[in-house]
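Presented as structure tokens, the chain that follows is alone, the form predicted on its own.
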Amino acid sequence: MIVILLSGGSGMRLWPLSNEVRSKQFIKIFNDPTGKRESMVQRVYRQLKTVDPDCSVTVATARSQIPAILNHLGKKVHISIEPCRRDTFPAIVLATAYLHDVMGIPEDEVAVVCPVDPYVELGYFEALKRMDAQAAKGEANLVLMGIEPTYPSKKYGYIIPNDCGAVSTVKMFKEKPDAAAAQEYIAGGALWNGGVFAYKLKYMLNRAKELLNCTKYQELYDHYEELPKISFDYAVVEKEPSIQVIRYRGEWKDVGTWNTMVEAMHGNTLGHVILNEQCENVHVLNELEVPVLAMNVQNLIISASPQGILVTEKHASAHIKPFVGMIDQRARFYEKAWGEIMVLDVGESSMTLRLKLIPGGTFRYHRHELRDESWTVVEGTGEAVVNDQTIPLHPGSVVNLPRGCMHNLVAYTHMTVIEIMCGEKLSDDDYIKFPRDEKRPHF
């Protein structure tokens, strides 16, 4: 099976655990079968590989998410990079062209497209395999997944099938309705549209030629910003006469708000949390290194991270987005391929960070023109490269990095480093990278 995972999200609805560079799919809120914490993207990838160990996975995402994807999945997946956000139709077309032109997958092969962040059971991925097999038959141009509704939701679009079979042709689509209309649709056999599609690559490339006058990956990539910003449903699905739908009956949650997130949690708390016995229907998620104590409260969600602290009545949590939009702050926690960064303190002309590197973790050889830096090693061993000089590192090592010097950091073990920046401009723009030189030690 060839799978394209669509990875997007702005990170506002699950503030303060999410932020502008840490979308919901990277929050480690679930437990894997061994009890180890895992994120949505790790959970979906693990489930895919459980059902189909040989499946090929390509993640379609923005450049800003690549470090987090590498942090969570390593180099197990292919990545189709969106130069900018243009909605799901351009993203799917670009990923399809990537499969064909870059990975060399023939046009007659089937691709299955699904979101990166559903909370589902293994039966969902068995349904993906059935979609793959059905699309390979060529009876329809598109095969969709229809999720059997459990209540008259106003949040989802609806697929109206022509019959109640396990595989059916599609009569029509309905946009997000009010509760009364949703109930009427369900009574008539309607299914939730889960945003999952299967098609032969040739079909999607032909649609790209018709609608975009382009099918080649490099040309699409180079002119991506000029492509229309349009959803796949609107551009393709609602206009395609040859569609089949496969029914899926099983657990499925669109974990997009705090209310749905805590429903999927294992237990009521995460992190250092104390609840007294009088607390009822309370969920607390704490990423800070100080405890959170809640007493005699009901129906609350409390979330604490370096980004901020949220205290909300559960039903009100769905309306968080406009209030988060009022908060002007930089990301305080984000992940890189080599580890993670936490902002500990921000002053007028200084910033203190904590870097946690994985064994073998390293970042690009670079320099800054507008700031001085220093590294203090708290834990682990490694080495720094400063102007081509190699400096061994161990707990207690201090390395001063005046502006203009070229430098790099390499971790031999798990390593924790405190970085202090001082200067008139502390931004990501002041970062001049250099090509890697084989003479410089790196992993």
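Note that this is a predicted model, so its numbers are computed, not measured. Residue indices: 1-based, along the sequence shown.
The form predicted together with another copy of the chain is left out here; the points below concern that form.
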Only one of these stretches, 224 to 232, 184 to 192, 105 to 113, 284 to 292, has heavy atoms within 4.5 Å of another copy of the chain in the model of the complex; which one is it?
284 to 292
Quick one: does residue 53 come within 4.5 Å of another copy of the chain in the model of the complex, counting heavy atoms only?
no
For residue 420, is any heavy atom within 4.5 Å of another copy of the chain in the model of the complex, or not?
yes
Do residue 162 and another copy of the chain share at least one heavy atom pair within 4.5 Å in the model of the complex?
no
Wondering, does residue 400 line up within 4.5 Å of another copy of the chain in the model of the complex on heavy atoms?
yes
Counting non-hydrogen atoms within 4.5 angstroms of another copy of the chain in the model of the complex, say which of 341, 331, 300, 237 makes the cut.
300
If you check 31, 381, 42, 376 against another copy of the chain in the model of the complex, which one has a heavy atom within 4.5 Å?
376
Do any residues of 315 to 329 have a non-hydrogen atom within 4.5 angstroms of another copy of the chain in the model of the complex? If so, which ones, in sequence order?
316, 319, 320, 323, 324, 326, 327
